[in-house]
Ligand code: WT7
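First, one chain by itself in structure tokens, the form predicted on its own.
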């Protein structure tokens, strides 16, 4: 059975069926996969609690669908194609047969450490094949993987380990990122000084650097994994058993552990991959994301492997050793589907066209973007320079919480319009509401983007705190999932995502809650209070602008800024450091003490003439000081 929709007319018919008969529609899609026992009921749901269950009481293991069934039919085909950080080093190809064996060995190694179904395993690793192998090994034995991006700080890592009470960490001695070499084991060791639940640390040798060692706790991957059996029975999982936890930032300070479950996530990840990218047998598919983010989970590992695809992993960065690296790799491996972030596109645009023209990009069939809405200029460059004016662009909108792509073109089968994500995938029922929660039914309007019906890969909870899940996503509007985004729907029903409407900043496709960054800044011993907003950034999409109150005006501005940045890097990681810091004596607050962020945003955006009414502030004079000192 081919999951792919082959025309826009077929999409329209499938979409109508998915809305009129959602349970029949998803049952037919789910029949594409192997289940150890079938479901008795397709769906049970309410958005009040919330409580959503798909494919009730069905039994499965997602790795049997990613690996075992393909070993029988395409065992020699490359499953994972790994490209090193270093262009002159050999790439690694793992066939489906080889990947299956490596996953089983890693799964048996975890079992030898006492890992059992339901245990939480933290992965803090480079973009090497062992990261994908570890993810699948956890799923093989029913352990819940929690991948933490290997750019987060020791403090951020410790927070995530403790929230999930993980008992094993899988890491490496270090990693390569362009010209940099970063120690990972040392960050893990620092984090574990705050963690009581970790029993074992499994370490893959990557850089060969000297590392600290805790006898009895630490073990080398190469000492334990290769010796294991290449056979490991797949644990029987209920459709609603947790598959993974992935932490995402929200409008409050503490990151949320988004929980996805085995059955529904599998069905939707596989279905959305097949249709958005229109993958065909023999294609080479490349998503440039890191597996530390949801994009890497769904569209480097699970979605492609569920479809028997060849999926590429890239260890490096797009601008090293030069800005032609992406295009050199596309030519080298004859990549057919290419999926990256608008941030990367804008960065490469700025390097000029001369780094693109030497390379043959004629193999490309679909170009994709992810992480944030793509702007017109970047879309035009991507279409003309990379796609030579003919390759379709799928501008995908989705979230960690949705598990898979929700609004997008389907390869070349959908109408395209620059800066518009497009139409919802079958089974996805978006709507726009006003601030009172009333649905806006006409087209040519803007509103708040909500979902009024569940899809299989919707988040089930936030780990250990279901009430937070309810409040964050389901309490704003009656019987709706609120995305936190504003959107525009044009006269033809196509959706354009405008951006966040809550206190979340999207930096290079990575979401950070303002409170999360403010809490980090406030850890600095000299800081009394801070407020953070986003502002337009040519490369990142949004930059971070911090307004900081110190006990006294700093004598050395640059030294004070460096100290604040160092604090943020320590608490969260380099990806969250402010781009601009302005020292102020006060913040614009209402008489009830609420910070008026719209004023701070307008200053950061360079629009001080659009501040609106400031007379209701506790101290309106503070606004003049902020405007006068803007950086």
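Positions refer to the first chain, counted from 1. Small disclaimer: the values here were computed from a predicted structure and weren't measured.
Beyond the structure shown, there is the form predicted in complex with the named molecule, which is absent from this document and is the topic of what follows.
Contact check at 4.5 Å (heavy atoms) against the named molecule in the predicted bound form: all three of 370, 401 and 497 pass. Taking the partner from the other structure, the named molecule in the predicted bound form has a heavy atom within 4.5 Å of a heavy atom of residue 396.
At a distance threshold of 4.5 angstroms between non-hydrogen atoms, residue 248 is in contact with the named molecule in the predicted bound form. In the predicted bound form, the named molecule lies farther than 4.5 Å from every heavy atom of residue 356. Looking at residue 130, you'd find every heavy atom of it more than 4.5 angstroms from the named molecule in the predicted bound form. Partner contact region in the predicted bound form: 498 to 506, out of 498 to 506, 315 to 323, 344 to 352, 379 to 387, criterion any non-hydrogen atom within 4.5 Å of the named molecule. This chain is drawn without the named molecule; in the predicted bound form, the residue among 295, 172, 514, 462 with a heavy atom within 4.5 Å of it is 295. Between the options 83, 235, 163, 485, the residue in contact with the named molecule in the predicted bound form by a heavy atom within 4.5 angstroms is 485.
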